[in-house]
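In structure tokens, one chain follows: the form predicted on its own.
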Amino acid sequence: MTAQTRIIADQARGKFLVPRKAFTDQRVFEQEYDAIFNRCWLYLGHASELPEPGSFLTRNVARRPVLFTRDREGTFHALLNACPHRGALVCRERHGKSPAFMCMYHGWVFGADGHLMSLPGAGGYPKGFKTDPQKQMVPVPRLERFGDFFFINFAKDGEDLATYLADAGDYLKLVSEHSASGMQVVGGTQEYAIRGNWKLLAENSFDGYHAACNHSTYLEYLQNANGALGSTPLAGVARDLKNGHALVEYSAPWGRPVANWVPLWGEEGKREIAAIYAALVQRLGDERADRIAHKNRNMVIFPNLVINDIMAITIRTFFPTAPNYMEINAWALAPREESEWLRKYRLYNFTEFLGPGGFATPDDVEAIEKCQQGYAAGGEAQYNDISKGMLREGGASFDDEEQMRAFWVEWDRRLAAVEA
């Protein structure tokens, strides 16, 4: 890394600057894959997406095709989705159920754990060919789970997942505790792309400062929708969760299907919400129940996993394919036992605000792409300022930038370590 691609941090002066070359430079982009995406724990999927033995799904993770399976014993596997024979994709379907996978090119058949089961013309190969380790599908070096969240790591060594998650682990657990019977991904996958650098979406995902300006239309809409807003003001804190993970946690006036009622949901809804909250208190205690029901959280788990636990729960990942382009996937998460009417409001909230055609996401996409376009100005405009709240007494507010600084410090550390 050069002086032009390092952050400038001066706590005493309240100064934190991020170089704009970090968003545009091809060399930095390749360094990021080496230092971050090839070495960090990356989100793969949720257990509910493979609900029974034989279930599978395919995803692209950090420029690699991955086959995520559950074998007949119920064990989960993450395999590189490439045939060891000639390299064709073994599984071409997005998801489904199958005990085995046949490569369409030459008919080699593999089990859910990646072992070679059969192949046409076996007599043309030497004895023991089918059991040769090189003829099996290659597993991703490391697969671990935290609750029902599965992560993979393409590095063979390094810290375990729980250590890597640090304080973010408790917030993942908090999401899981919304339900006594377990959480599930509902609906399909939202897929879209942004012509901007991936780190801009990381920043945007827990940036409380832009909401009042960039999402003013949504706030006006809620104010004009009869009963859609309660009386709780927007207020909260930013927290560094270590290892580059961070979040903002805050109260807000909108309804949350887990247990935060608004007048729009009527008296019957009020009774159901009260029952859900009472069950949370009985199961988890007053403090944790209050956080689940009445607090919102926008969390980024470094480098590219977003958990938006707000008016709905969103899981979002994003992977860059170039310094100025990224591909995004998002899923809705909900309690298994949720009633039909609450599920309706949850998914409405999910698509209304967080969907690609909702109130928030198009605004955010536009802002990110305009930032990327602005970086072409060059000249003296070399740095972004991320210093808001740096000298604030009593801790950072949810609309400060402490959470972004935590992300950037880890980004800088990892790139510098690989460079060294």
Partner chain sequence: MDQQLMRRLQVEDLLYREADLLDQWRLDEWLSLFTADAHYFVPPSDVDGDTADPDKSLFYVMDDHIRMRERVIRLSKIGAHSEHPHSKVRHLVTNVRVESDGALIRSRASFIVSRAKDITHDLFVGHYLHEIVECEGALKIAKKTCVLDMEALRPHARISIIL
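Small disclaimer: the values here were computed from a predicted structure and weren't measured. Positions refer to the first chain, counted from 1.
Unshown form predicted in complex with the partner chain; subsequent notes refer to it.
For the three marked residues, V61, D148 and F151, no heavy atom of any sits within 4.5 Å of the partner chain in the predicted bound form. Within this chain, E52 is remote from the site of the partner chain in the predicted bound form, having no heavy atom within 4.5 Å. Put simply, P356 is close to the partner chain in the predicted bound form: some heavy atom of it is within 4.5 Å.
Though the partner is left out of this view, K370 does reach within 4.5 Å of the partner chain in the predicted bound form, counting heavy atoms only. In the predicted bound form, at least one heavy atom of T351 sits within 4.5 Å of a heavy atom of the partner chain. Residues within 4.5 angstroms of the partner chain in the predicted bound form, judged by any non-hydrogen atom, belong to 341 to 349 and to none of the other stretches in 124 to 132, 232 to 240, 277 to 285, 341 to 349. Interface residue among Y250, W331, Y164, Y171, judged by heavy atoms within 4.5 Å of the partner chain in the predicted bound form: W331. Proximity to the partner chain in the predicted bound form, defined as a heavy atom within 4.5 Å, holds among S118, S181, T217, T75 only for T217. Along 180 to 195, residues V186, G187, G188, T189, Q190, E191, Y192, A193, I194, R195 each place a heavy atom within 4.5 Å of the partner chain in the predicted bound form.
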